[in-house]
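Shown here is one chain on its own, the form predicted alone, set out as structure tokens.
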């Protein structure tokens, strides 16, 4: 049983939670760029939340199925067609053998996720099926899926009908307001630089990727103004969401496949609850930052986790009820 890629798309890969906890070995976390969208796809299908999914970036694939299976598409919105008929995100779609799924033009966001009521047959490397695209290991043949390839499925089942309520669906058309806490070296920056950082609307550079998200403009009127800040720094740990300011003053957000150490001062850090929003940024998108306290950051994360747990419990309960009918 398999999925055949008539067209592969720009960068379609297999992803799960990634490989957290290995940064002291120089291995960045990787995994799905938008973990929330991945979890929602699996939640709709009644999977474990870490069941591997297919991540689609900017340009989508054309896929032929040779088995009956259920899917759920979350994250970025494409014009998506099943046998030339439009289908929606955030609901369970029943697929028949021979069906053709097409991702046409991108409408909003940057990355979509296809969850499957099946297990994607790829080897586990360091307890993960995810593809580390920058380093070239894991996932399907250690890289992005290519045209003409097949991805094989195991443990296929048919999931019950389900759909996420409209008010819970993320809106990627809006300009993101990314919440941050102070970074480890924020006290080194002049107040004018800090004020500029939180007052500026930044634009995402085309040079951004899964390693880092580059922003412009500079927060320092004169680039040499940062030389004293970074000149004495020893390289230290980075994590997805660390916002470094190099000597040109243009922020770089360390992303999911980013380096594990860096030598630029860390002005701020994206809160854990908002990390998934970074996965939906693309070139030319505009973003702003908002400062919150560590206590506020923890509260925001708790609320998101409680909502996800509530949805999971409700869907599991509905599934149990369906089995008794």
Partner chain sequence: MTFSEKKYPLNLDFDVSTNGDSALDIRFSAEPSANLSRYIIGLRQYILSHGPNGLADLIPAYQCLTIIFDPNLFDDESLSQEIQRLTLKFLKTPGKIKTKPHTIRIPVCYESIFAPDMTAVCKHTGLSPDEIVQLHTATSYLVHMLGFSPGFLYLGGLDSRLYCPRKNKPRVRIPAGAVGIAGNQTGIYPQATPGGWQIIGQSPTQLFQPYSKFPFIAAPLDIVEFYPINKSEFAAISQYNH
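Positions refer to the first chain, counted from 1. Source: prediction; values computed, not measured.
The same protein has a further form, the form predicted together with its partner chain, not shown here; the description that follows concerns it.
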4.5 Å heavy atom contact with its partner chain in the predicted complex for all of 61, 176 and 284 = no
Identify, from the list 261, 67, 49, 291, the residue with a heavy atom within 4.5 Å of its partner chain in the predicted complex.
-> 261
Considering 185, 99, 102, 250, which brings a non-hydrogen atom within 4.5 Å of its partner chain in the predicted complex?
-> 185
Mind telling me which stretch in 276-284, 30-38, 295-303, 52-60 gets its heavy atoms within 4.5 Å of its partner chain in the predicted complex?
-> 295-303
With the partner left out of view, is residue 242 within 4.5 angstroms of its partner chain in the predicted complex by any non-hydrogen atom?
-> yes
Taking heavy atoms and a 4.5 Å cut-off, does residue 238 contact its partner chain in the predicted complex?
-> yes
Indicate whether residue 155 is a 4.5 Å heavy atom neighbour of its partner chain in the predicted complex.
-> no
With a 4.5 Å heavy atom cut-off, would you call residue 310 a contact of its partner chain in the predicted complex?
-> no
Could you list the residues in 260-275 that come within 4.5 Å of its partner chain in the predicted complex, counting only heavy atoms and keeping sequence order?
-> 260, 261, 266, 269, 270, 271, 272
